[in-house]
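Okay, so we've got a single protein chain in two different forms coming up as structure tokens, structure 1 first and structure 2 after it.
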Structure 1
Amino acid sequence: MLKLKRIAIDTHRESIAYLSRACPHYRVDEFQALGKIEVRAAGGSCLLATINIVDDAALLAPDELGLSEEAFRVFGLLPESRVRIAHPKPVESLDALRRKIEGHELDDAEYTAVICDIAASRYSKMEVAAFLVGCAGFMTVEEVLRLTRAMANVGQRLDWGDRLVVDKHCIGGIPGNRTSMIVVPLVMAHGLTIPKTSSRAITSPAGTADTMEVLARVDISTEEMRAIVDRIGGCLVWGGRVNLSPADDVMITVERPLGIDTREQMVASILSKKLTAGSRHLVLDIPVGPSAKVRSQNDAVRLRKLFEYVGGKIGLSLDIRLTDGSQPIGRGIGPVLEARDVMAVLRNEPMAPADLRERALLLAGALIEADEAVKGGQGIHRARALLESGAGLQAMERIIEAQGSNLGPDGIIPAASSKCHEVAAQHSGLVNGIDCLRIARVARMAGAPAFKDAGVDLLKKIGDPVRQGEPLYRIHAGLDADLGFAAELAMQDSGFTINGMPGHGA
């Protein structure tokens, strides 16, 4: 038997077991060839882990078995506990995974088995990758439904009793599109319940959770979230702690570096989380544009139908809006800059970005109409009234207070980084295109979202006239080096098209 040792290595959600090459009890190389071992404790608990072999007795003695932090946490035993290791029983759902790779359709039981095993960390990252790529190759709409249900079933389900619980989601891809932070307070102000969870940025310069974190704490447990929503009717928290979809949390650690972003996974991920979050009505924003996630009206309609099919089967009332995704929304891109725009809208400041305000009112209005007392077509007027009266701002202040303010005692939003650089037009004319991907890349290179005060501040939008040399946008960077890299990127291609000509920065 081996003595359990906690190895203080954080392997980012993958369970790793460390075994000494000098281990006298086992044929270590043979275990390594198979990649995984099963660790068994006297009490019967079991853990599957990927094996790493250690050649340093100071790190691990020959009679010890090390577990990475994640594995140690999942296993839940004390250090020095006695354990055995064994060739793992094959994870049975891997047969289903192989069938998917071979191009077969999987049934309910197979999706359930795969998703349970993923949520329980029984898959290595390469197995998760194989599952995701296999699904990307071929999936029927029925399979998307099965995957959605399976993902929802392993999550912690929230029950809000009789309350009318609504939610709003955007499929993402449009920099600056922070409508949630306006929609949630307006919907709360109307009296509906909206327990909003958001993600952090995956490949973008900011997720709603990153931007909200400029204003308030977002790393909030399920229990605390429940208490907040019970008290004030809504919240704007990070979904990572809420455990709505533990399988999704694992899959995202693979999707992110691989850059996999399929429709099928998107639908299953979004709808499974809404189901476990206890929502009955969902307004979904699908921006369509040449550099958006969805590029054509045709694709948008196909995606809408997939959402509607699955949503209908799981009992979620869906209002899907195909919106203009031709350029970033608002001016700021990056947490601090976006928080500034959001608060400008909520405070009814004259310079607040009109596109952000109108998009938020459209979506808030659609949600407010989930209230049967509101006549069709009146939702947006109600939303506008709540915004203009300051009721929306007050609701946001309640959220910030309830979650814990991150602002100083003066309540002032921090300024964007003073390390900045202006990107100017190479020639005069009318702006007729802004590449969302390019602008996002520049903002990310500048340091967003790791540096909250980094990003891009747009000074021109589509339809604006510019003169040669006039600034198109300002880059704010976290570090001097990042400013150089981001400026260089903008120099190669600013992302702006002026008079039909793609512009280099000048």
Structure 2
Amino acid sequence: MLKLKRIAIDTHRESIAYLSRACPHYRVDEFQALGKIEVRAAGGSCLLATINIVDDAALLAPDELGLSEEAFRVFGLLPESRVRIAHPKPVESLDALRRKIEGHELDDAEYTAVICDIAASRYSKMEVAAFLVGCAGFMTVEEVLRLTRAMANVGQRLDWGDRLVVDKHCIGGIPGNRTSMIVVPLVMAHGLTIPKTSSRAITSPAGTADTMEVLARVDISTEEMRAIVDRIGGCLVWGGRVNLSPADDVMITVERPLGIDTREQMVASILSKKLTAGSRHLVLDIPVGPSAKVRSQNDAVRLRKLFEYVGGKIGLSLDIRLTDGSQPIGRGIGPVLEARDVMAVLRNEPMAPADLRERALLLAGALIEADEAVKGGQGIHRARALLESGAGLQAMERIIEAQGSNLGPDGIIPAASSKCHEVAAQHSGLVNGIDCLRIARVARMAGAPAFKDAGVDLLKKIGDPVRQGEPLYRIHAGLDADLGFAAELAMQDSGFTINGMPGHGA
């Protein structure tokens, strides 16, 4: 048997095992050719991992098996535990994967088999990518439903009893759109149950979980999440820890960097997680704009119909809102800057971003109307009253306290990085376009979300007049090198259009 050693390498949701080439117990070349091994513990637990061979004895002794951080988290054994390794069993669902690549329609059993194997880490990232590309090439509406059900049936499913559980989701793509962090406390303050799970950023400057983490702990187990919701009526936590749709978490890490984001996969991803979270009523925000995920009204209507069909089949009530996605929401892009905007809205500060406040009130009002006691059209008025009275802020403070505050004394939000650079307009005129993708890329280049105090602070929005040399936005960077990279990117193209002409930064 081999002795486990923890190798402090973050392999990001991929289980990696490390075996010494000098191992006296196994023929290393035999396992290396396979790419995967099974790691078996004395108690019967088993882990499937990708094998890497180590030649440095200082890193790994011949009688040791190294596991990456992710593998240790999944396996749950302590360092120095004794394990054996073995050849993995054949992955039978690969036959279904090949059929999908060839353009065939898969049935319920085939989707279930594929999703079970993805969730169990039996697929390499290359095989996951092949499945995603196969689905992107051809997928019927019924297949979207089958995929959604398969993803929901693998992993935990929360049951909240007879309570009316509501949720809100945005399909993403718009920087600064942190409405969830305002909607959740307002809906809680009204008295509805809203256990909100959110994602971390993969290719964007911040996910809701990244921004919420500025205020409170989000890495919370399912049991703790349930206790918090039972006590205060809601939460804002990281969905990756709750493990509601584990196959989706794996697929997202592959599809986002590859730019694979079809409407079929989007629908299955979002609705499977809402179903497993125990939601019964969902308000869905679909921003539409020239640099949003959905570029035209026709595409938005087709996506809405697909959501409505699948949602209806799985018993989820949907209220879908097509919103303005022509520019970033709020001023801040990046965790600290977005948290500043959210708290400014909840605190009713005079300079709080009006677009963020009004978008959040619209969506909160739609959710509040799930309450049969609230008349149609009155939800937004109820949401506004809860915000202006301070009830929304008090609910957010309860969430922060329940999850564990990350704020400093007196609830002070950390400041943005002092390493900054202002991007100025090259000519005077009226701002009539902002490229969401470009601005998000600049913020990401500046270090967000790895550095929570990095990002972009918008100083101008569409419709604002600007003079030549006046700053359009301010870049805050985590490192001096990041500041240089982001400033150079903004110099090539600021992402702003002024009087119909692209604005190059200065």
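Counting starts at 1 with the first residue of structure 1 and goes up one by one along its sequence. The model shown is predicted, which means the values in this text are computed figures rather than measured ones. Here, rigid core means the biggest group of C-alpha atoms that superpose within 1.5 Å across both forms.
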Of the two forms shown alone, the one predicted in complex with another copy of the chain: 1
Per the rigid-part fit, hinge between structure 1 and structure 2 among Val166, Tyr123, Asp248, Ala364 is Asp248
Rotational displacement of the minor rigid part between structure 1 and structure 2 [degrees]: 14
Core-superposed CA shift of Ala17 between structure 1 and structure 2, in Å, is 5.4
In Å, how large is the C-alpha displacement of Pro90 between structure 1 and structure 2 after the rigid core is aligned? 3.2
